[in-house]
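Coming up is one lone chain in structure tokens, specifically the form predicted on its own.
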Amino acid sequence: MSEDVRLCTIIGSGPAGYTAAIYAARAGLKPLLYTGKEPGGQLMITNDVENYPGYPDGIMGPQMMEDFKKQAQRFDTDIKSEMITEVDLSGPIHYLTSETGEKIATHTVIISTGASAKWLGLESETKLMNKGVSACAVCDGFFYRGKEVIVVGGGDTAAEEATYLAKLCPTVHLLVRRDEMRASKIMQKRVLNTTNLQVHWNTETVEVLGEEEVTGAKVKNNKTGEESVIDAKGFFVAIGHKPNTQIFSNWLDMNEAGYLITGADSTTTKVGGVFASGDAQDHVYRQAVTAAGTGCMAALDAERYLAAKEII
């Protein structure tokens, strides 16, 4: 009995995965999509999305992902609310294993597993998520125009977020845990030369303050032990992201942070028939619209791969 081999299997949802599914389905690839443990990705914890084209009045992140999902299903994408826990990319046919133990054989794999923001791990941080606590200044900074905000972190991400917010906000408080920043010299210079950006050295967050919305943060000086309160309406955590790519570590090339490496101007990986899209491979832009764009690219790359192999 011959093996049933899928033309295209997509691992992960969110803008990249669902867009890949829409394009693959319309190309007749009959894609199978596994949503993963966070169906819809980071947009599921995003309230107002105002920077995605086509939504002039803005849209709630979960509703937007539901729209993407419905569009993928309209073209008969087979969606399964499960995780892929193991992959075997050693041969021309790729094998995936789901959390229920199901084995999937597929000619092409589109990876859209995304990345997860790193958080401080405070109970108050979780309580005020989307009520002033954010991990994306470009996404949410507009809502804090004219208001004081706090940014936590000492690397390039924090420096970029803080200087971006400084263009919108009267004062930005940057909390750096040590007495120096890890950011590149040019980014440190930019921070220190921004007049409305106040750096708090040797400072860590004890608690994010507020009930229904952020009102500030209680912070502690690591050297003196002194605690104080900084008033603010926004609290941005900028300590990095972790790509959800661990199961591919033995198969695909990735950078030191775990982001998958793709070919120039493409979504191809070092393994034929395997393509990477969205925040699993993009550590620069990390926006819904760019993730959707690379999802489209991955589906087109998969279609061309199958055509070149005369599989379709």
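One rule holds for the numbers: they count along the sequence shown, beginning at 1. The shown structure was predicted, so the numbers you read here are calculated from the model rather than taken from an experiment.
If you look for the form predicted together with a small molecule, you will not find it shown, but the lines that follow are about it.
- The small molecule is not shown here, and in the predicted bound form it never comes within 4.5 Å of any heavy atom of V149.
- At the 4.5 Å threshold, heavy atoms of K69 stay clear of the small molecule in the predicted bound form, well away from it.
- Although the partner is absent here, D156 is a contact residue: one of its heavy atoms lies within 4.5 angstroms of the small molecule in the predicted bound form.
- For the chain shown alone, V109 is not a contact residue for the small molecule in the predicted bound form, no non-hydrogen atom being within 4.5 angstroms.
- Stretch 283 to 291 is the contacting one of 283 to 291, 52 to 60, 246 to 254, 261 to 269, since its residues have non-hydrogen atoms within 4.5 Å of the small molecule in the predicted bound form.
- Proximity to the small molecule in the predicted bound form, defined as a heavy atom within 4.5 Å, singles out one entry of K131, R177, K220, K233, which is R177.
- Between the small molecule and the residues M83, V199, V206, I239, the one pair within 4.5 Å by heavy atoms in the predicted bound form involves I239.
- Contact with the small molecule in the predicted bound form holds for none of H173, E213 and V229, as no heavy atom of theirs lies within 4.5 Å.
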